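Take a look at this single chain, the form predicted on its own, given in structure tokens.
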Amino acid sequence: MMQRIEHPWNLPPKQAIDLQKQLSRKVIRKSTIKTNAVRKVAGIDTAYRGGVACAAAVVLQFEDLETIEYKTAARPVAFPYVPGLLSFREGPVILAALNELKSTPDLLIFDGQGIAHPRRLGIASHIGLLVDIPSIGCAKSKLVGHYEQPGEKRGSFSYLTYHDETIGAVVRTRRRVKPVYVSIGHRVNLRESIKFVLHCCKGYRLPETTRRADKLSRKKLLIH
């Protein structure tokens, strides 16, 4: 997978924050793809064990969510845990897993934030921008922002706002189950992001993309 933008990863936190601010201005918040043009969707997640990070990328057919292929990569953790700088900790190993894929996905869904981030550059926006592939953040918890609880029915959502800006949506993917936090990653607008995530949720809280990537990354760590 071709990386369109490159930069150093092992930066001091202040320089990493400055870089996030620069890159966030390049993120495209409008959709550049149509729903009927998406054939392959990939889920990306990372797990940790004993100082090692393992990233998994699982590619599914968008229509029926059948798995097409999957790849993993493992590397020692080189960047410290700093809130808001997760992508500098996980970015290199995620890119390594994506580079192993034989097929190029039309859409990436990350277990993490997109623009629902203090500097509008969570993991989904950061990696989506670097590889220039439409991407969505679908997180299990909120990083920043305020919202009202969405309705209890599947598909109900409310907007996530921060400093008077809409940065995402709180989406109920299963009736009476905790919602997920969906945000624009890169080249997909918020309305389409919600639709894509709901399409990929089949009976579980999390979309099949990241649910399968989560299982695979954890399994590989036990073997590693």
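These figures come from a predicted structure and were not determined experimentally. Sequential numbering from 1, following the sequence displayed.
The discussion below concerns the form predicted in complex with the DNA, not included here.
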- Does the DNA come within 4.5 Å of a heavy atom in each of 86, 117 and 122 in the model of the complex? yes
- One stretch from 148 to 156, 107 to 115, 67 to 75, 128 to 136 that, in the model of the complex, holds residues within 4.5 Å of the DNA by heavy atom: 107 to 115
- Note on the structure: The listed residue (47, 194, 170, 38) that reaches within 4.5 Å of the DNA in the model of the complex by any heavy atom is 47
- Item | Contact of residue 143 with the DNA in the model of the complex (heavy atom, 4.5 Å) | yes
